[in-house]
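The chain below stands alone, shown as structure tokens; this is the form predicted alone.
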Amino acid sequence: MIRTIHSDHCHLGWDRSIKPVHFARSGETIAFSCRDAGNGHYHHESTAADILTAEPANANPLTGPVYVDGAEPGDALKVTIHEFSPSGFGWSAVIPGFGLLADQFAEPKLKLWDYDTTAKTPAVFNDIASVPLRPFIGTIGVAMAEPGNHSVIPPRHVGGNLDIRDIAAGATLYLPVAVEGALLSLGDTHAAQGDGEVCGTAIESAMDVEITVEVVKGAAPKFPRFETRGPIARHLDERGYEVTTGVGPDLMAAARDAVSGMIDHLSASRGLSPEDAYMLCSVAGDLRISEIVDAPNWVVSFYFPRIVFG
């Protein structure tokens, strides 16, 4: 029988003093019931006005922590991800003051999603755009060695808010253990996201996740690493991509230019509002470093899949 860690066992920061909600053996399979990144703030009747009433301190709740028997500092915690059971409801938002282009988007915008819980059918964005789904874990990590409560928002060397869309079913993640028992927690599950999560949100959605935990003695990586089966973008490749670039000596500025260019392109070519184009870029498009050797300028590209438009 698989043990389920229910979503009422949540916490809002990394803290090694939090009491474990389950003691697992190495090799055990566990199901985690995860809340969405908004901690249940959004519902089917929500509007953009609700973005302004959300409490940032309640964001990204984590289910756990789980103590893994035998895990000690210097070990790796191997996490094999098996399957997801999505809720079918999600949200994306332009949040004032947040996201890669926060200075360009000052007004809130909310998109509510109802999607296929099997994740086999693309989620409808509007009458011209639908987004292929690929559920994954946005935030997964172990407790830090440093005492006290640490924000869950930034990613850390022990994992956390990595937002890597390929930490999905079939992937195996290795986390460096920093405290006895590792104290694994996870949450911030997503139904879909592009590489970069540029507006600050994916399709944020509550779902259950089934994983197996194992201790690998003396194998702690300096930073999280993972293995994934490929190809990783087959569901988006079928109709090709439209690509914009940013070029300059600063990678962040180049990334901003590439995304801004795609927003302008989608607005002009597809008739989307800039806000809608920004959210679509966040849930479906990919930022890539194309060149980082030809000093003094580097190239960042933004790939948007044409399959979104049918």
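Worth saying up front: this structure is predicted, and the values here are computed from it rather than measured. Numbering starts at 1 and runs along the sequence shown.
The form predicted together with another copy of the chain is left out here; the points below concern that form.
Could you work out which of Leu272, Ala31, Leu251, Ala59 is the residue within 4.5 angstroms of another copy of the chain in the model of the complex, going by heavy atoms?
If I apply the 4.5 Å criterion carefully, the residue I get is Leu251.
Going by heavy atom distances of 4.5 angstroms or less, which of Glu83, Asp114, Asp237, Asp103 would be at the interface with another copy of the chain in the model of the complex?
Contact check passes for Asp237.
Is there a heavy atom of His265 lying 4.5 Å or less from a heavy atom of another copy of the chain in the model of the complex?
Contact check for His265: yes, within 4.5 Å of another copy of the chain in the model of the complex.
Does Cys10 reach another copy of the chain in the model of the complex, with heavy atoms at most 4.5 Å apart?
Contact check for Cys10: no, nothing within 4.5 Å of another copy of the chain in the model of the complex.
Would you please decide whether Thr245 lies within 4.5 angstroms of another copy of the chain in the model of the complex, comparing each non-hydrogen atom pair?
Thr245: yes, in contact with another copy of the chain in the model of the complex.
Check Glu107 for me: does it contact another copy of the chain in the model of the complex (non-hydrogen atoms, 4.5 angstroms)?
Answer no; every heavy atom of Glu107 is more than 4.5 Å from another copy of the chain in the model of the complex.
Within 4.5 Å of another copy of the chain in the model of the complex - does that hold for a heavy atom of every one of Lys19, Gly88 and His150?
Checking in the model of the complex: none of Lys19, Gly88 and His150 is within 4.5 Å of another copy of the chain.
Name the stretch: of 163-171, 117-125, 205-213, 72-80, exactly one has residues whose heavy atoms fall within 4.5 Å of another copy of the chain in the model of the complex.
That would be stretch 163-171.
Mind listing which residues of 272-306 have a heavy atom within 4.5 Å of another copy of the chain in the model of the complex?
Residues within 4.5 Å: Asp286, Leu287, Arg288, Ile289, Ser290, Glu291, Ile292, Val293, Asp294, Ala295, Pro296, Asn297, Trp298, Val299, Val300, Ser301, Tyr303, Arg306.
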